[in-house]
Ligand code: GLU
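A single chain, nothing else alongside it, follows as C-alpha cells in the form predicted alone.
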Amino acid sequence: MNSDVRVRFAPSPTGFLHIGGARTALFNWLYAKHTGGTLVLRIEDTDRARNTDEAARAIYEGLRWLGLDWDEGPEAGGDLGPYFQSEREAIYQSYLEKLRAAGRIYDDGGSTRFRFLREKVVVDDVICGRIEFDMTSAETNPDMTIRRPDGSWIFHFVNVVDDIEMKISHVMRGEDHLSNTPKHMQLYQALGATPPRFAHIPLILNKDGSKMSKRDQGASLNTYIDGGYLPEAVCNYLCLLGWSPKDNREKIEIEEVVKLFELEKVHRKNASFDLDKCTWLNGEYVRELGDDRFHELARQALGKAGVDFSKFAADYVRAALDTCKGKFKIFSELPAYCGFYFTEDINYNPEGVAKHFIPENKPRLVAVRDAFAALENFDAANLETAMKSTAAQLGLKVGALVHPTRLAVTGSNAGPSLYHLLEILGKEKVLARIDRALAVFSLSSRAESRDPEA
C-alpha cells in the first residue's frame, strides 16, 4: 500500500445508504485502489437521537453489496480507531483544550464557539480549482458553534479532529460541503495541523435539475439491492456520475476504472441521475452473465415472488429460465415475464383480452389447438411449422394466430419465444391452457350478448 494516501468515507447512520453516499464511497474506494492507498470507514454517530444500529448495518451491507471493502474501520479494525465518533469523547475533549490554550474558543450561553480569524481563506481544490473565501465579516460568517449546551459536538469540529487523528491525506466529498471547507481550514490552522487535499465531487441532480433528495426515485441503495439489479452494473453507473473514460464508453469493468481513475479527471459539472439509463446498463450486464449465476439470481427473484421450485423438475426450471436470458433488464421483472411457467393460475392481461380475445379469434384458436393436438413431436420446429400451416389454411398472417395463442398460454402479450415456451410447457399443459382460454371466450361472448336492462 502507498502509506501516503489515506481517504475516508464517513457516513451518519441515520437511515438507508443514499445513492449519493454510495457514489462518494465508490470514488474514495477507487482512488485508494488506484494509488495503493488506504480507505477508512468512519461512522459519524454523534446525532444520538437519530442514529441506529440498524442504519449502521445497512451501510456495511450496502458497501459490501457494491463490492467496496474498507481497510480500516468497523468490522475491519485498525490502529487509529475507535472508528465510531460516539467512542471518541476523550479525543475531542483533548483537542478542545488545545483550542482553549490557543485562545480560539469562548463560551456563549452554554455553547462553545470557535473564534474565526477575520481573513480570506484560499482552498486549492483538486476538482473545483482555487477558490478564495472571504471570512472577514462576522455578519456573514459568525463564529462557529463546536459544542452544544447539552455537551454534544458539532460536525465541523469532530470531522476535522478525526481527519487529523486518522491521518487522512485526501478528503473527497460532495460539493455541498465546499462552503464548509474554509471553516475547516481555520480549524486545521488553529490546531497546528496540515490540512488534507480537498476534492469536492459534483452533486447528483434529478433530470429536472433539482438536487437529488432521499425521497426521490432511485435515491436509496435498497432500490437496487431489492429491485434485482446487479452490483457491478450499479457500480458502473455510479462511476459515470461525475467521471468517464476518455473514449466515452458507458459499460466499463470496475477493474479498468481502478486503473484509469484520477481525481483530476473527475468532472466539475453536476451529474444528472437517470434511473432508466442505470436500468438499461443493468440489462447489458444481465445479458452477459454466466449461466450458473444467471440461474441462481433468477431462482432468487422468482422465489421472492412465491415460486416453489420443489414442484418442478430441475431440467424444466433450467430450460424455462434459459428462454428468458437477454430478454429483461432487472431481475424483479422476471416473475411477470416468466411466472406462467410455474403456475396454472393464469391471469390474462386486460389489454390483451380486449385486443385478442375477440369473437373472430375463437375459431382461429380452435384451429391452432387442433393443429397442436395432431403433433406427435411437440418441439419448437414442429410447432412453428404447424402454426404457419394453420395461418396459411385460414388465409391469415401468422401474427394473427401468434398473439391470441401467446395470451391463451401465458396470460401476457409479451414474453419468451413462443415456440420454445410451448415446447417447454409441453403438449398437455398447452392444450389445457388453450381450452381454458376458449372457455373465457365463451363467458365473454355470453356477457356481451346480455341485455343490460334485463
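Predicted, not measured: the structure shown is a model, and the values here were computed from it. Sequential numbering from 1, following the sequence displayed.
One more form of this protein exists, namely the form predicted in complex with the ligand; it is left out here, but the text below deals with it.
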Just checking whether residue 20 would be counted as a contact of the ligand in the model of the complex - the rule being heavy atoms within 4.5 angstroms. no
Would residue 437 count as a contact of the ligand in the model of the complex, using a 4.5 angstroms cut-off between non-hydrogen atoms? no
With heavy atoms only and a cut-off of 4.5 Å, decide whether residue 159 touches the ligand in the model of the complex. yes
Spell out, yes or no, whether the shortest heavy atom distance between residue 10 and the ligand in the model of the complex is within 4.5 Å. yes
What stretch, of 368-376, 171-179, 93-101, 69-77, brings heavy atoms to within 4.5 Å of the ligand in the model of the complex? 171-179
So which of 337, 357, 342, 155 reaches within 4.5 angstroms of the ligand in the model of the complex, heavy atom to heavy atom? 155
Quick one: name the residues from 22-59 with any non-hydrogen atom within 4.5 angstroms of the ligand in the model of the complex. 44
